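One chain comes next, on its own, written as structure tokens: the form predicted alone.
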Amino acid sequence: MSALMERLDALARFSDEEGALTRLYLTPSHRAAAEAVRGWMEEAGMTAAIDAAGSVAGRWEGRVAGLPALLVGSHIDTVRDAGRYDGNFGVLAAIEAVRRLRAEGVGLPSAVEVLAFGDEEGARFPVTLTTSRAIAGTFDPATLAAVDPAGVSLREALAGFGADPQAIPALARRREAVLGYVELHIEQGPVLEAEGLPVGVVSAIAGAARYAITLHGHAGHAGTVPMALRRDALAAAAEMMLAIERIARAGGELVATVGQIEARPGAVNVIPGEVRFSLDLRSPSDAAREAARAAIAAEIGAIAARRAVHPAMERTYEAPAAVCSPALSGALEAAVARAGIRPRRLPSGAGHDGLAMVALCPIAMLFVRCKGGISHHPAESITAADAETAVAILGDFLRHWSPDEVSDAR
């Protein structure tokens, strides 16, 4: 087993619960993992520290000290009962790439800063991307009042972790000191495996919007109300869900998901009088996503009118798409091609720290094939060969990319 895969196994041992990998932001397992990552950064030749928001930052100077930095990294927090590669792989792969370049005596025309973010998943507090927003300069101090299910505030958790909530605004990087952000990440989908490719270059991180849709019909006796006279909210919701699927199937890279549904009163012998269901809508094109929303809203209105139910559609979350930098993505593609692999561009339907980092600098991502497209699950799996390929491509990218190309495109 390679040293990288061994470290991924070692990092997976830092967990909040026995027998499963659950590492939530600012927990003792997060602190232990951050300390381990800091140690590995220092072994690789970087100066490293855990910052005021709980991220680990390691810096490797370029040929001249004090040069602007290319930021490379990912996150080390997890969902509950997680796999061991989501986020963690990108952090440890970046450390390994720096270690190899430094061992070979390579000098780069920029500094490299490896970042291990602590709150990408948003699995503990009702906020997310806290740590990358701190670096990007978009952290909202109001989120310090957010509380976890145990009633602990983010402010209290930061203090308990040994971080400093008051110092978070000072973490914001100056734009002139940052050249870009690059992240290696498992695909979390089946495309690369289906095409027999170990890696792919991300074109954009999809924008997402979530909605709560409520339908008010009329409850009634299941045996006494004729079918033609019913105002069945659940039957209306079922027709709407099929319409949502039809619109999404015609939308190219658009995806739509109804993941939650609740029918009331919820009795086996009562016609549902009220239904509430969720809608998650994503696309790498914000315009396409908005067009789909409008089409879905029109369909919901038409179905509701025909079935005599009253609809309400409330947006509960929205984040715009983050388009990857043509210059950085092109340099990644060139490194993929030099490795003898057919370059493949694909969007990311999942969110990543790049959604926050794009406010600071150009971003790019390299996806790594994962078995069955499975992620956020203990069965999450990548091969040692694919991991090695990705590290080699990142190292080659760092050798060949030109900071001037990116600065010219900003």
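Basically, rigid core = biggest C-alpha set you can superpose within 1.5 Å across the two forms. On a predicted model such as this, the values are computed, not experimentally measured, just so you know. Numbering starts at 1 and follows the sequence shown.
The same protein also exists as the form predicted in complex with a further copy of the same chain; that form is not shown, yet it is the one meant from here on.
*Asks:* Given the stretches 279-287, 122-130, 143-151, 68-76, which is the single one in contact with a further copy of the same chain in the predicted bound form, using a heavy atom cutoff of 4.5 Å?
*Replies:* In short, 279-287.
*Asks:* Answer with yes or no whether A359 is in contact with a further copy of the same chain in the predicted bound form, where contact means some heavy atom within 4.5 Å.
*Replies:* No - in the predicted bound form, heavy atoms of A359 and a further copy of the same chain never come within 4.5 Å of each other.
*Asks:* Quick check on E183: any heavy atom within 4.5 Å of a further copy of the same chain in the predicted bound form?
*Replies:* Contact with a further copy of the same chain, no.
*Asks:* Please determine whether Q188 contacts a further copy of the same chain in the predicted bound form, using a 4.5 Å cut-off between heavy atoms.
*Replies:* Answer yes; at least one heavy atom of Q188 falls within 4.5 Å of a further copy of the same chain in the predicted bound form.
*Asks:* Flag A103 as yes or no: does it have a non-hydrogen atom within 4.5 angstroms of any non-hydrogen atom of a further copy of the same chain in the predicted bound form?
*Replies:* Result no; A103 lies far from a further copy of the same chain in the predicted bound form.
*Asks:* Name the single residue among A170, A294, A305, M227 that comes within 4.5 Å of a further copy of the same chain in the predicted bound form, judging by heavy atoms.
*Replies:* None of the other options qualify; the answer is M227.
*Asks:* Could you work out which of G107, G340, G196, G259 is the residue within 4.5 angstroms of a further copy of the same chain in the predicted bound form, going by heavy atoms?
*Replies:* For this set of options, the contacting one is G259.
*Asks:* Pick out the residues of 248-270 whose heavy atoms come within 4.5 Å of a further copy of the same chain in the predicted bound form.
*Replies:* Read in sequence order, the residues that approach a further copy of the same chain (within 4.5 Å, in the predicted bound form) are A248, R249, L254, V255, A256, T257, V258, G259, Q260, I261, A263, G266, A267, V268, N269, V270.
*Asks:* Examine A219 after superposing the rigid core and state whether its CA is displaced by 2 Å or more between the shown form and the other one.
*Replies:* After core superposition, the displacement of the A219 C-alpha between the shown form and the other one reaches the 2 Å mark, so yes.
*Asks:* Tell me whether A287 is among the residues that move between the shown form and the other one (Cα shift of 2 angstroms or more, core superposed).
*Replies:* For A287, whose C-alpha is compared between the shown form and the other one after core superposition, the shift is less than 2 Å.
*Asks:* After superposition on the rigid core, does the Cα atom of D232 shift by at least 2 Å between the shown form and the other one?
*Replies:* After core superposition, the C-alpha of D232 moves 2 Å or more between the shown form and the other one.
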